[in-house]
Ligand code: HEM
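In the form predicted on its own, a lone chain appears below as structure tokens.
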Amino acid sequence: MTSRPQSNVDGPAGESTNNSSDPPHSSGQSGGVPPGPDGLPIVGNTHSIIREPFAFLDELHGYGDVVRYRILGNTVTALFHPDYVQRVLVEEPETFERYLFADQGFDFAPEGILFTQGEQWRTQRQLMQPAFTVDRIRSYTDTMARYAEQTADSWETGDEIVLNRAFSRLTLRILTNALFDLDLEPGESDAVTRAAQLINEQSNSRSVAGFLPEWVPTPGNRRYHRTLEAYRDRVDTLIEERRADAAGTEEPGDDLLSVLVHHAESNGGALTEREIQDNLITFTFAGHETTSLVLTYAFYLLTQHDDVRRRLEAEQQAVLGGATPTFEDVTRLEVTDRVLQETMRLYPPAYIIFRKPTRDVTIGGYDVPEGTVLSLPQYRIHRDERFYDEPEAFRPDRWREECVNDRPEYAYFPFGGGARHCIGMRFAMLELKVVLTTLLQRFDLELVSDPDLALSPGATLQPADDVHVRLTERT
């Protein structure tokens, strides 16, 4: 897929709110099997997904808001209406609790907060939540600004920067220092980013290998297991070092790693060693990967839309005047906030969510048996013309309050929703604003790569190719 959204900053303020946005078959009466495209024997619709996954989502949506398709013998039901997303994520989470990948044997941190269920998940969430309160988030601002300024200091006018790689390194440094009080050496950072790359390769829906179980001895699977094992070994070392640092102290440090280690050794062993390990892996992957992608897409979009960039610069001059942003400053950056929301609408890093019902249910009038895989495709819902005028256009002003109030809440869910919404949402939003404003006050960027951005859907929504920019002087 290629994507080059068009800007219409001064377009109409309103958004689509006509009756066609109401979900069909909303009576709740059973109506049999959902419609969907015919597939091939055995492989189902896998070939269509591999050929063009986003075009396949468009094809599915043509059948309605509850649509059935098949992937290598698995029946999947896609839900395209915000009301159904809200039901799954918010209203009945106990009915739609199970993740797809855990059932597929995808061995990426299965004991971490992303994949655990029930009481195990609730215990982990409760232990970690204090690290993400407003006061704690506020305390991370200086760390975010310091690393962003170090990155800016390392750049010079005329340099060619690979945005996705540069932001991956930056966001990993910020996350590990702010949350875990760790300063990773370059080799350690490279190991994490290399593991992230392989995770995405292993789950790329444009590749046949992305649909094969982990135990199949493909070259990619062997590379993935070797890299993940090395990743786990290094994580074990970090845990043991923190445990040694805390020896003899009654209270843990206030960083998240110290809290996790402490709760493995007190309160009756609230966490197992594997839970600590898998949560450290989860946060170092998901916590830096998604934020780096939003920054990459935001700067890409700004290189294509000078009108928006000029408005951002005017806001930064008015609020910051060239100074390093503080937490209080960030709360006043309204245009910046809208730019980031619009970026995540067009390019949500977590572009699809999977669930399974734990019992037979009826959705939109159709029968969905227990165990059916449900897909909630943010990417397609975020671009639905029922909820967004000119959905392919880059229009930050659609996030003015009067526009937001006119659309269903779950027409936009880049951080998921309900009790299992992303625990690091506030951390990520603060980081995005601090990094974007710090760098944009120092540099203008000229896109060197192809302006038609190709996408690669792996575990996260990646650019298919590196995004190159050249740094130019501020005018």
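Remember, predicted model here, so these are calculated numbers, not experimental data. So that there is no doubt, residue numbering starts at 1 and follows the sequence shown.
Unshown form predicted in complex with the named molecule; subsequent notes refer to it.
* Asked: Is residue 283 close to the named molecule in the predicted complex, meaning a heavy atom pair under 4.5 Å apart or at it?
  -> Residue 283 belongs to the contact set for the named molecule.
* Can you check whether residue 375 is within 4.5 Å of the named molecule in the predicted complex, heavy atom basis? -> Flag for residue 375 set to no.
* To do: Verify the contact flag for residue 399: yes if a non-hydrogen atom of it lies within 4.5 Å of a non-hydrogen atom of the named molecule in the predicted complex, no if not.
  => Residue 399 lies outside the contact set for the named molecule.
* Asked: Looking at the partner-bound form in the predicted complex, is residue 380 within 4.5 Å of the named molecule by any heavy atom?
  -> Result no; residue 380 lies far from the named molecule in the predicted complex.
* Can you work out whether the named molecule is within 4.5 angstroms of a heavy atom in all three of 98, 179 and 416 in the predicted complex? => Contact check passed for all of 98, 179 and 416.
* Asked: In terms of non-hydrogen atoms within 4.5 angstroms, which of the given stretches 108-116, 323-331, 148-156, 80-88 touches the named molecule in the predicted complex?
  -> Going by heavy atoms within 4.5 Å, the stretch is 108-116.
* So which of 420, 68, 433, 407 gets a non-hydrogen atom within 4.5 Å of the named molecule in the predicted complex? -> Selected residue: 420.
* Only one of 277, 290, 168, 258 has a non-hydrogen atom within 4.5 angstroms of the named molecule in the predicted complex; which is it? -> By the 4.5 Å heavy-atom cutoff, the listed residue in contact is 290.
* Which residues, if any, of 330-368 lie within 4.5 Å of the named molecule in the predicted complex when only heavy atoms count? -> 344, 349, 350, 353, 355, in sequence order.
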